[in-house]
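One chain is shown next in structure tokens, namely the form predicted alone.
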């Protein structure tokens, strides 16, 4: 790839992020600021899924488990041990990544549907552990299905905007690194032909594990931020498989395994859901489902993927 084009993309990306950093100073509407924060939040979440599944082709149906672990770690750290939010946030990411490392070693040896089923089963198992922990072990730790109430932050939406923005920035920057690094080429080789990649000298196990742990680390951070934002969590909410489904749909809409796919897909789906939900309360989910089906039929490779094929924009 042309180095000048790479540098231009990076400069534009940095410029947009820098401009967004000043946004709360110019947005007076709390609703609008919250909506923008939610869009950026889902860009990061979808990017986490794309980081692993989009580039390797290993379809992960259990990323929500690391989101949930991050939520519970920050809740326990703050309520049980009195640790401030930002140290708790970092701990959430570390623990989520550590769990992913331990889980990834055996599960990443599986391929295809077996890997997808294993990750989905692990996510459901973690939800049940959180639900039954108190009754099983007679320890008031997770507070069972009643959930955990975090300390009320007292911060406005701008605080959480500045929490979400840098994490999403790092996720998108990680995508840029994947697109233009030896590590990323290894991930793409795994997606195209894993056996051939191994024969060529690619350490496929290490590459897959690196992508899996990195994705989990960032998901743990997002889970921690959301938990502190909403101040109350339950296992059914933070380990909800619908979050996984939303990550997958957003990435598919934007384009799997592309730099800008999660950005476009998450922005499109979040804004259209907000718009239709406000106008058609009873029917908007049916309408969104129809839009998704039509979009995938017309653009099976996603919005960015289709542009790359039709216009040969290999730098996206």
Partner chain sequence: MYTVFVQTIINGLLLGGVYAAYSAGFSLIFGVMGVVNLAHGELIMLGAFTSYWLFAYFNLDPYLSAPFAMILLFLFGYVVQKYIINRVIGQPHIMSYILTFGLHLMIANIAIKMWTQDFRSITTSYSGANAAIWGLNIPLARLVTFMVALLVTWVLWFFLMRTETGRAIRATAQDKEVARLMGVDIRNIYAITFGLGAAITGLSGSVMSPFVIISPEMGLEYTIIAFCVVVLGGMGYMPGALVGGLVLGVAQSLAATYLNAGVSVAITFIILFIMLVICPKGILGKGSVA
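Residue numbers count along the first chain shown, from 1. The model shown is predicted, which means the values in this text are computed figures rather than measured ones.
The form predicted together with the partner chain exists for this protein as well; it is not shown, and the discussion that follows is about that form.
S.K.: Choose from 40-48, 260-268, 277-285, 23-31 the stretch whose residues reach within 4.5 Å of the partner chain in the predicted bound form, heavy atoms counted.
M.R.: Selected range: 277-285.
S.K.: Can you tell me whether residue 272 touches the partner chain? I mean in the predicted bound form, with a 4.5 angstroms heavy atom cut-off.
M.R.: Heavy-atom contact with the partner chain at 4.5 Å: absent for residue 272.
S.K.: Tell me, yes or no, whether residue 15 is in contact with the partner chain in the predicted bound form, where a contact means a heavy atom of each within 4.5 Å.
M.R.: Residue 15 lies outside the contact set for the partner chain.
S.K.: Does any heavy atom of residue 128 come within 4.5 Å of a heavy atom of the partner chain in the predicted bound form?
M.R.: It does: once the partner chain is placed as it appears in the predicted bound form, residue 128 has a heavy atom within 4.5 Å of it.
S.K.: Please tell me whether any heavy atom belonging to residue 307 falls inside 4.5 Å of a heavy atom of the partner chain, as the geometry stands in the predicted bound form.
M.R.: So residue 307 does not count as contacting the partner chain.
S.K.: All three of 106, 112 and 252 touching the partner chain in the predicted bound form at 4.5 Å, heavy atom to heavy atom?
M.R.: Every residue of the spot touches the partner chain in the predicted bound form.
S.K.: Under a 4.5 angstroms heavy atom criterion, identify the one residue in 120, 90, 176, 159 near the partner chain in the predicted bound form.
M.R.: Flagged contact: 120.
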